[in-house]
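Before any questions on binding or motion, here is one chain by itself as structure tokens, the form predicted alone.
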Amino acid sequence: MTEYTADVVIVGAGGAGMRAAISAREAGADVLVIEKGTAGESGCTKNSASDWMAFGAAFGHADPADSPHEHWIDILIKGALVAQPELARRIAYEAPHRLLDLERWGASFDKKDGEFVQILSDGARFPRACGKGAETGSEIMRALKTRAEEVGVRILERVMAADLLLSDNRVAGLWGIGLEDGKLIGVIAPAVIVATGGAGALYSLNVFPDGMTGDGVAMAYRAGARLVNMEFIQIGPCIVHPVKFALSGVFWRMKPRLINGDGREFLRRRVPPDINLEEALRLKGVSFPFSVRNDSMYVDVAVFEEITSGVPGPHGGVFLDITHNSKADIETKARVPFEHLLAQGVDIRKEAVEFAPCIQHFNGGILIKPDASTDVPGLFACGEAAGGQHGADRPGGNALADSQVYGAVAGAEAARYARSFQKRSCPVGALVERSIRAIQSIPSPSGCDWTGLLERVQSQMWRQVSVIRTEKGLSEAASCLQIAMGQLANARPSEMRTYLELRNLLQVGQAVVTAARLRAESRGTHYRADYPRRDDGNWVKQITLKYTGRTPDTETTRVEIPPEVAEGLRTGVLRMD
């Protein structure tokens, strides 16, 4: 086993992880980043794409009436009142400073006359979405990687973190495996930051890059950190072949034709007759992720039902066609996605694109405090792996803002914690040996179809725990997960990576399903067809989950609504629909 030491070790070199590394290093910590893929190239910040990949920051350049305070209110309202107000406040008030950091480090965002170009994103009352079209994520990662190199961040690539090491119920480091050679890696560190993103691979249809198996979330969960808001997952219409691309905004404003695998339009047949289809499509243009907050939900439901019980296309989706628009209109009104997709070999002037409701972002994760710390001393979390800062939904642009705000917070606080912690010798070898021995005690017979097991789980999760949820479907998904977990407990894949990823996905999946079954209402991205109404009397609450090795322990905690938000809702100044 190769051993390393650091003051702060960060798991994940995406947007949140790299920002945390910079912050910790600037605070004087010796920093080591563990990255499953390639730093600067892996993760969602670099690889996600839409017609306007946004960073929400309330500069007030497009509308002077906007402010961080207004941004904070939008987070709470779009989150359907189940985001933690103090966590949301940090995002709103610190996002402008973090965007300016990126610009100072070399990122280029669209500007006019010296001010940021800001557009209106879904869930915002003011235009505050900054960016550089579909290239926003690439710009951010380029600047972060350059800055990390400047300040001397150490990075280990192609290493998968497996488990945290604990001593006296505190973080002592972690262990992992080299993905190229299978060798063990041990890291001694008093502070660990989890920044591994969401578990997109839990679902058969998702727009996550490869390798997103919920590693950090599951690792923290097993170590004693609570998870929160796991039932809230953003699902949006995205191209499924030959590229992954979010179909937001402009596509729905171009009056698309939605066609099934037989070449027939199906929306009017699927949408209830009392719903104004034209208005639902208009609302879809400002409501990218599926949400029950307005009638755009009926478009997503119709697409989902056509795929699951109608005639899907060859890659499991249906088709969106805007070719009836003039080529000039497509080239100008849809310029950003047109140019991006054309570079990928897809010409939306001439062909329909196959799309489906795809898993796009986990709004829940490891429960954090305003300093990004967790229930486990020495463990911090940021980005999509963290939970509580988003609610049942989130305004467009908040994921990137969150990654930079809480990345900076986690890095600084982890460095401070490491300085205050009296360094002691740690028997890292013995701790790793104990963890490895528990895994190796599981038999590894030949002939098990682990790929088929994962595909069954992914299919069940997409069909039963995505757009439409019912007790019957959730129960079926829970049984599927339980059977798979039983198989993995009694027999393990011979390849360590396969075992670790399956274990992580199944544990995260069980948390998602448990929370979704418990929340007997519909709110934001969580649609229970058997409980189709929002129940503010009983469910302005967060669900937290604690790992037990069996069914998670759950607890519900009421979220205190700030008085001004409650008053705005009472008077109609603020609305959640």
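From 1 onward, residues are counted along the sequence shown. Small disclaimer: the values here were computed from a predicted structure and weren't measured.
The same protein has a further form, the form predicted in complex with a small molecule, not shown here; the description that follows concerns it.
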#### Entry: Trp52, Tyr547, Tyr531, Phe59 - the one with a heavy atom within 4.5 Å of the small molecule in the predicted bound form
Trp52
### Query
Would you say all of Thr45, Arg394 and Leu400 touch the small molecule in the predicted bound form, counting a heavy atom within 4.5 Å as a touch?
yes
### Message
I'd like to know whether His361 contacts the small molecule in the predicted bound form, with contact meaning heavy atoms within 4.5 angstroms.
### Response
yes
### Message
How about Ala13 - does it come within 4.5 Å of the small molecule in the predicted bound form, if we only consider non-hydrogen atoms?
### Response
yes
#### Entry: the small molecule contact in the predicted bound form: Ile185, any heavy atom under 4.5 Å
no
### Query
With the partner left out of view, is Gly197 within 4.5 angstroms of the small molecule in the predicted bound form by any non-hydrogen atom?
yes
### Query
Can you pick the stretch from 34-42, 535-543, 512-520, 548-556 whose heavy atoms fall within 4.5 Å of the small molecule in the predicted bound form?
34-42
